[in-house]
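So this first bit is one chain, no partners, the form predicted on its own, shown in C-alpha cells.
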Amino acid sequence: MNASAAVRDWIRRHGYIVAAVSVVSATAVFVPFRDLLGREQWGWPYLLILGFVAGTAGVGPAVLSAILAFFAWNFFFIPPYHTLFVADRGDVIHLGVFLVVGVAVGLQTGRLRDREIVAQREERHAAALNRLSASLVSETTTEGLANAAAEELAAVAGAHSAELWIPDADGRLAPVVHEQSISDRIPADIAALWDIVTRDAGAHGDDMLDADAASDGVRDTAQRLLVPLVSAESAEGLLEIRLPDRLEEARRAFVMSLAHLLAAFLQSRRLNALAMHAAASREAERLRSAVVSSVSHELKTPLASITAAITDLLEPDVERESDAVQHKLRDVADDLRRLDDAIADLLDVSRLEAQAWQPRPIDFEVGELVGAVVSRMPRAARERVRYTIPEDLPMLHLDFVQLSRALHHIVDNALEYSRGPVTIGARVDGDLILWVQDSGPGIPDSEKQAVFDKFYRGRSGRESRSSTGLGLSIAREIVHANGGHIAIEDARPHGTRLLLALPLEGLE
C-alpha cells in the first residue's frame, strides 16, 4: 500500500478518535474568536468539521462528532458560558436543529463515503484478481505463480511475504522457492493442517472442505495466516501469508478469493499434466503396437519365405535344374537382405530414441559419402543412380557412419518408389545442400510432413513389399543430431526432391 492509502486506512481504523480530536481541536481554535460571530452562527464551522469527519471516517464517527459539536457549541459559545444551561429558547431551537441536521448530514455523508470506500476496495480487489488471472495464463512455472500471488497480496492485503506449498510427485508437501520465500522446511502447524485438509477432502468426496472453515481458529494468528487451497476435487496446496496485523473482513475475503483462484489454477495444471501423461501413454501404446506389427511383418515374412525356400530345396525326391536352384537362392538372399535391413532399422530407432548413438564427427568429402552409400547397393540399383556433384565442395566435419546410413535410406526410398533414374546432387547455399531426386509419382502436400513419422507409410509405401515406414524417420533424426535439417519439395516435371542441409562449420 502507498502512503495515502495507509493514512486513509489508519483514519478508518481510528475514526472515533479522529472525530473526538477534530471537534476538540476545532473548539480550541474557535474559542478565542467567539466574539467575531454571533452565538447562533457558530454551528456552521462545526458542520464543516462534521463533513470532514463523515467523509474520512464514516457514519459512526460522524454521529459522534455531531454530538460532541452539539455540546461544545452549547458549552463554549451559548450564554451562560461553560455550562449546559440554555437561557434563550431560540438557542434551544438552534441547538436542536443543529443536532438533527448534523446527525442527518453525518449519516448521509458517511454512508456515501462508506459506499465509495467499498466500491474502491472491490475495484482494487477485482483488478488484483484480474492481474493474477492474466499472470496465471502466461506463467509456466510454479515459481512465477508464487511471485505473482505474493505481489498481489503485498499490494492489496499489505502482506510482508507469502509462501506457496504444493504436493510433489510423491504427495509430500513442499515449498515453492521464489523471491519472497519464507522457509524451505515444513513447520509443524503446516504439516498438521495439510493432514487435516487432505483427510477431510478425501472423506467428504464431492463435499470438499471449505477453505474458509479450514483456515479459522488457531490457524489464523495476528501476523500469520494459513489458507488451504482446495479445489472441487482435492486439496491442491497451502498458502502461508505473513501480515503486519490481523486482517479485517474485507481483505480477508480478498485473500480467500485469491486462494480459490490459485486452487483452480493448480487443479487445472494438475489435470492438464494428467491429460498429457495419458496422451503420452496412448502414444507409447500406439508406438508399441506399431513396433509389434512391424516386427511381426518385417521379420516373420522373410523368415517364412526363407524357411519355405530352403525346405523346398532340401526335398530329396524333387530334382531341379541348376537355374531353378540359383533362382531360389537369389530369393533367399533377397529375403535375408530384407531381414537384415529391418533389424538394422529397428536397432537404429531404438539407439536414436535412447540417445545411445551420439555423433562422432570426422572430416570427409561429399563424394566419399555418396560413393560409400551407392557402392553397397545391388548392381541394378547402382545403374539407376545419376550424379551432379561439383568437385570443389568444401569438406564436412560430421558423423560419416550416421550420415551414410541416412543417405542410404533416402536413396533406397527414391529407388523403391520410382522406376526411372535417381539423381544425387549437392551445392553450397549457406549450408551444404545434399539432395536426392526421383522421377516417381511424387508425395502429396498432405503427406510431406507425415512421411517422417515412425511407421508411417503413404499410398506408395503401402504398395511396397519392403517398406517398414522407418527409413525417413531415421534419416531425419540422424540429420538433426548432426546439426542439419531435412525437407521435401516437388521436382519438375514430376517426382520428389529430398534435401539435406548439413552445417559446414561441423560438430565439436
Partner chain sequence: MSTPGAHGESILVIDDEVQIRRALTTILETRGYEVACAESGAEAIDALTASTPDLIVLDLSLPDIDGVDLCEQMRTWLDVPILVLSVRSEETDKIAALETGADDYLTKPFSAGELVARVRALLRRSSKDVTTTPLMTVEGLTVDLPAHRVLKDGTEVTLTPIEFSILAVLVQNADRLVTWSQISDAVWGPDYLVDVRTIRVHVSNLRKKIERHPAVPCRVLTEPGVGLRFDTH
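We call the rigid core whatever largest set of C-alpha positions still superposes within 1.5 Å between the two forms. Numbering follows the first chain given and starts at 1. Keep in mind it's a predicted model, so treat the numbers as computed, not measured.
Form predicted together with its partner chain: not shown, discussed below.
Student: Residues in which of 271 to 279, 399 to 407, 150 to 158, 414 to 422 have heavy atoms within 4.5 Å of its partner chain in the predicted bound form?
Tutor: After filtering at 4.5 Å, what remains is 399 to 407.
Student: Can any non-hydrogen atom of residue 330 be found within 4.5 angstroms of its partner chain in the predicted bound form?
Tutor: No, residue 330 sits far enough from its partner chain in the predicted bound form that none of its heavy atoms falls within 4.5 Å.
Student: Does its partner chain get within 4.5 angstroms of any non-hydrogen atom of residue 123 in the predicted bound form?
Tutor: Close contact is absent here: in the predicted bound form, residue 123 is far from its partner chain, nothing within 4.5 Å, heavy atoms only.
Student: Although its partner chain is absent from this view, report whether residue 90 comes within 4.5 Å of it in the predicted bound form, heavy atoms only.
Tutor: Contact check for residue 90: no, nothing within 4.5 Å of its partner chain in the predicted bound form.
Student: Indicate whether residue 368 is a 4.5 Å heavy atom neighbour of its partner chain in the predicted bound form.
Tutor: Residue 368: contacts its partner chain in the predicted bound form.
Student: To verify the annotation, which of these, 116, 195, 340, 334, has a non-hydrogen atom within 4.5 Å of its partner chain in the predicted bound form?
Tutor: Spelling it out, the residue with a heavy atom inside the cut-off is 340.
Student: Going by heavy atom distances of 4.5 angstroms or less, which of 355, 141, 311, 375 would be at the interface with its partner chain in the predicted bound form?
Tutor: It is 375.
Student: Can you confirm whether 344, 351 and 389, the three residues that make up this candidate site, all sit within 4.5 Å of its partner chain in the predicted bound form, judged by heavy atoms?
Tutor: Yes, each of 344, 351 and 389 comes within 4.5 Å of its partner chain in the predicted bound form.
Student: Superposed on the rigid core, does the Cα of residue 74 end up 2 angstroms or more away between this form and the one not shown?
Tutor: No, the C-alpha moves less than 2 Å.
Student: Superposing on the rigid core, does the Cα of residue 401 end up 2 Å or more away between this form and the one not shown?
Tutor: It does, since the residue 401 C-alpha is displaced 2 Å or more between this form and the one not shown after the core fit.
Student: Does residue 240 move its CA by 2 angstroms or more between this form and the one not shown when the core is aligned?
Tutor: Shift at residue 240: below 2 Å after core fit.
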